[in-house]
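Presented below, as structure tokens, is a lone chain in the form predicted alone.
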Amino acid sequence: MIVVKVGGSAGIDYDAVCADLAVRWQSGERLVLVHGGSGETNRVAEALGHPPRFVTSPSGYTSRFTDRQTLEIFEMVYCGKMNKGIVERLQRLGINAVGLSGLDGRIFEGRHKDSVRAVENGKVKVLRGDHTGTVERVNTGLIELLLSAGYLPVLTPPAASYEGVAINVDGDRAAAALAVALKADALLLLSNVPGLLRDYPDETTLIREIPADQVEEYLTFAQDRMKKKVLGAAEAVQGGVRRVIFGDARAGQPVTSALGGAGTVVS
């Protein structure tokens, strides 16, 4: 079982990712794909006159402040354009993919956090009206049902709160929770960089290996959204996933290259 998470930033080659997944699926591998859509969501939000607002927590993590209107734009892009675009690519390659959000069947479930602490102008403020959370439970029964029937699941945030409210969750940490719940052999976190860089954005400073018990120590090298990827990797290996790989989704055979050791390997 391999869980592949592909991000939503500029430069990602979804055609290459899907073509590589299709070959591996047809060879009999069990795969689940999780995807993001942040870049396109930002573009659409700007076009709709409700530009994205990003906040930084006191601990240094950056996230999207998700009021109700932002959530609806987020769902439109992630669950609509991005999800169905990926499903269509796989269908054209002969793979019977099924696209679902974490809200469907409560695939991803967690606690709704309606306020967030953010640092603005050097001061910590409490912002209310947020629709975010963290995945705490995964409906593996539905995923296994799809896999056993020959369907490749293509999953995306949002998740469902315990009260049934849609919540924005980090895709990398959701993929990590999924990998742990499915007892996956590997979790691939593919983005628009070759892996974790010691000196971002210098790609020659790629960190090739991270011992599983030292993942959190490498947070100092992670910039912006890469912090969540490192945190997700730590949660995955602590939960029993044998390998987590930060790989490059910009060209070539992203899945095969990552599984072959390209990128940053946490084990």
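Quick note: we count residues from 1 along the sequence shown, nothing fancier. As the structure is a prediction and not an experimental result, all values here were calculated from the model.
Keep in mind that the form predicted together with a further copy of the same chain is not shown, yet the notes after this line are about it.
For the residues V169, L197, A118, V77, the 4.5 Å heavy atom test against a further copy of the same chain in the model of the complex is passed only by V77.
Heavy atoms within 4.5 Å of a further copy of the same chain in the model of the complex are found in one stretch of 236 to 244, 206 to 214, 222 to 230, 40 to 48, which is 40 to 48.
If you check a further copy of the same chain in the model of the complex, you find no heavy atom from any of V180, K183 and T256 within 4.5 Å. a further copy of the same chain in the model of the complex is approached by G99, whose closest heavy atom lies within 4.5 angstroms of it. Contact annotation: L127 falls outside 4.5 Å of a further copy of the same chain in the model of the complex, judged by heavy atom distances. When a further copy of the same chain is considered in the model of the complex, V193 lies well away from it, no heavy atom lying within 4.5 Å. In the model of the complex, none of the heavy atoms of D114 sits within 4.5 Å of a heavy atom of a further copy of the same chain. Taking a further copy of the same chain as it sits in the model of the complex, the stretch 86 to 125 comes within 4.5 angstroms of it through a non-hydrogen atom at V87, E88, Q91, R92, N96, A97, V98, G99, L100, S101, L103, D104, G105, R106.
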